[in-house]
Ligand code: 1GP
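Here's a solo chain for you in structure tokens, the form predicted on its own.
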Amino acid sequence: MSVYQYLMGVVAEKGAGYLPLLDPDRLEGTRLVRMAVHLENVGVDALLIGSSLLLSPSIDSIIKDMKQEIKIPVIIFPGSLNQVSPYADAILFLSLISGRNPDRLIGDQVKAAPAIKEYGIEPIPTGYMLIESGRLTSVQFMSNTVPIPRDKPDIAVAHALAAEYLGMKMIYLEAGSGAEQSIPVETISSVKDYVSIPLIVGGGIRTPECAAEKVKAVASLIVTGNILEKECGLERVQEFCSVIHFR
């Protein structure tokens, strides 16, 4: 079974899936591995790993150590070309369709594709869309793109529909790391009304109540990141699981 098929099985069985994001630039490797074990034990469905910059040179060893300790998929959420590892189960093959930076639309993908093929990593083609969140986020700055205005769901709908017609398997609605505001429910619902492919929603989701709101708006997969780095973050993961897995 492919990782994509596994994720679709999770959505069918549980209603939605939970994919915490681990950032190697924010936490050191040993702690990340311990965190991965804890996250699996409390019921998350898969792990994302990646960073906007990746200052840490040890992503290979981190993922390798994780895979020795856990069984759930480890999926790369790449912020740059050097975030490709042979030890990962899959990679979100992102095209930043909300922007007009050619490197983020297709240039970086062309450069990364041969390594993904060589390593045997499963690519999951994903239309990546930045939505305005109330502040300048790392991904916005690093990608040199302008996010879709949060009060213009029709623009998000048109981009998502184009991504589906291009054959992408998922849409990722992203507010960004440390976003002041999460993706509006209206945007999620509007996009889902027009496309049949799954929606990943991340950025600014700090509470189980916020996660539940996104799932109710028909998000298929929920991503949280910064909350895991806070003192009480790991203790709340089970609460996130309970509202995201609503079936």
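Numbers follow the displayed sequence, beginning with 1. Treat the numbers as computed from the prediction; the structure is a model and nothing was measured.
Same protein, other form: the form predicted in complex with ligand 1GP, not shown, and the subject of what follows.
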**OP:** Evaluate residue 177 for contact with ligand 1GP in the predicted bound form, applying a 4.5 angstroms cut-off between non-hydrogen atoms, and reply yes or no.
**Re:** yes
Original post:
Just to confirm, residue 59 within 4.5 Å of ligand 1GP in the predicted bound form by heavy atoms?
Top reply: no
Subject >> is_contact(residue 225, ligand 1GP) in the predicted bound form, heavy atom dist at most 4.5 Å >> reply: yes
Original post:
Quick one: is residue 10 in contact with ligand 1GP in the predicted bound form, heavy atoms, 4.5 Å cut-off?
Top reply: no
Original post:
So which stretch, 81-89, 168-176, 101-109, 152-160, is the one near ligand 1GP in the predicted bound form (non-hydrogen atoms, 4.5 Å)?
Top reply: 168-176
**OP:** Sequence order please: the residues of 178-207 with a heavy atom within 4.5 Å of ligand 1GP in the predicted bound form.
**Re:** 178, 179, 202, 203, 204, 205
